[in-house]
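First, one chain by itself in structure tokens, the form predicted alone.
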């Protein structure tokens, strides 16, 4: 079992700890990842509002590279895209190329000018999907050496991973991350905002609206007793973590809750050193001590 891996731009910049923790966790579970050759930006920017078909072509080039790698000795290896925006854009591009003849014709012609003959066979996967449905909850639970008992976790999916295509989880009330957290020994709180929008780019455009959306999520997580928020989206992680001080000043709050990637949390439970998981890169430190190992529990 191995996968092709599309990092995307965010995981090589602001989302670096997401990539570090993904790679560390998959190494620990002995799941090989092969980085996509010569990948490019997926087009998940304002560019799509300027020229949608060219934005589709950017994404389709990555899909075509994956298909070429699959045809050259990597048959059966799905393409893993951890960034929520990358995952959504790649799926959206596939959908439009299958259902819109005009998009298909223009994008296919552009790809052929670049030396690609894309047939649409690449399957795009998210790490949550792979961990739960391929690797399996049971295998991950058996690999836990530091059970995360006592941790109350708000699993936050954001809006892009489960909508609109709903390929591996429920659009309104997803549970894959909750099931992983439970397998690690922690408690996944029940809260209704796990798939609400964090405000996305509004924090940099219409900041008042963005801060309000962020505040609603943070307050609800605190109200439900969470002592950490886990997410699978670089933009969500940035918004929920980095704007807490500004939200506190603007609304007279005292919010201070760590926001980490779900793969960092898994890595801690698997006994991976914090530095390998990029824990030190978080703006709000995870101050809780690493839980004792199963061996320590046995000797207590």
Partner chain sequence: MKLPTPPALRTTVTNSPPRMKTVVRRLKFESELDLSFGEHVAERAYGQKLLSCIQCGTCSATCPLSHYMDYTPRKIIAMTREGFKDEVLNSLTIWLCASCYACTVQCPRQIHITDVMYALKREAIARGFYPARNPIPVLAKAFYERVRHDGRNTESRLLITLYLRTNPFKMLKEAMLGLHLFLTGRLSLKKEKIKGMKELRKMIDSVEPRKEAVPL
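Positions refer to the first chain, counted from 1. Because the structure is predicted, anything quoted here is derived from the model rather than measured.
Quick note: we don't show the form predicted together with the partner chain, though the next part is all about it.
Only one of 179-187, 223-231, 125-133, 193-201 places residue heavy atoms within 4.5 angstroms of the partner chain in the predicted bound form, namely 193-201.
Taking the partner from elsewhere, residue 175 is found to have every heavy atom lying beyond 4.5 Å of the partner chain in the predicted bound form. Shown alone here, residue 242 lies within 4.5 Å of the partner chain in the predicted bound form, counting heavy atoms only. Using a 4.5 angstroms limit between non-hydrogen atoms, residue 75 is distant from the partner chain in the predicted bound form. Contact check for residue 10: a non-hydrogen atom falls within 4.5 Å of the partner chain in the predicted bound form. Heavy atoms of every residue among 113, 160 and 238 are located within 4.5 Å of the partner chain in the predicted bound form.
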